[in-house]
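Just the one chain here, laid out as structure tokens, in the form predicted on its own.
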């Protein structure tokens, strides 16, 4: 019997009258119940590695809003930590890492086959969520794409222009490629383990893909994604994969075919109509409401939501934001967005 889960139906290529809906970072600081659970955990990393509490925050937005999918609560930098790097979070400033800036430091990373010891609590979280989700709700696992993860590993933190990563790439492309290869191999193992634990879909977040140009985009955004997706499809042929090469612009065109992704997630720098004409013609797309509407709300949120629904109504579509929801967002605006998507109004009006 074909699946009744709306998200899986869209990912299989079905055009639905009302698209499935979920949000990037839907379990997060805009929810008071999340803040309470995080306080109970003590700090962000302790929350990530506590399977009971991480499952709880994963499930909170499902209970409150009834999204069509839950996404695992974790962080893209857990892979560098599992590879042996120091990782901590500075309050109000974000993640900090020890750095990798040479071939010797790449070689000193922990072997890929050893990452599961560190990441075992994450797999337990997946199992906990899978056991407690409503039957109609899809569970999404995820990882950061190698380029994006590498930018943090090289700089030791987030940087505005990804300058340290570009500098390492320019100075020693062989060592840089070795780092990408190590992260790629680790990502395959990590996502495969999430699928074995119960994830029904996985998503690859390349948040900084837009900082790559020309051959670099081919080598460090497309090729690692293709390698990861190919390996996962060999092991788990029935598991759909969403790719998010954020701010790829024109390079969104053909990305699904180049990588094997079942769906391409879109940021809000591209218009829905452009994306429908150039990207959705090749399969499922996800997106792409501006996250600022979750702060400001009002008629502008409703109008933009309806515009996106109209633009993507001719093909498979998953409604989502163009990036993650921000901590200052109002849960009432999230509900308004959901109600607008699901209110049954004809999107052709």
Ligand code: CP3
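Residue numbers count along the first chain shown, from 1. A quick note: this is a predicted structure, and the numbers were derived from the prediction, not measured.
From this point on, the text means the form predicted in complex with the named molecule, which you will not see here.
- Proximity of residue 310 to the named molecule in the predicted complex: non-hydrogen atoms within 4.5 Å are absent; the residue sits far from the partner.
- At the 4.5 Å threshold, heavy atoms of residue 317 stay clear of the named molecule in the predicted complex, well away from it.
- The named molecule in the predicted complex comes within 4.5 Å of a heavy atom belonging to residue 89.
- Among residues of the shown chain, residue 227 is not one whose heavy atoms approach the named molecule to within 4.5 Å in the predicted complex.
- Residue heavy atoms within 4.5 Å of the named molecule in the predicted complex occur in exactly one stretch of 213-221, 263-271, 89-97, 166-174, and that stretch is 89-97.
- Across the proposed site, 188, 235 and 242 without exception lack any heavy atom within 4.5 Å of the named molecule in the predicted complex.
- This chain appears without its partner; in the predicted complex, the one residue of 72, 154, 209, 115 with a heavy atom within 4.5 Å of the named molecule is 72.
- Applying a 4.5 Å heavy atom cutoff to the named molecule in the predicted complex picks out 24, 25, 26, 27, 28, 29, 34, 38 from 10-42, in order along the sequence.
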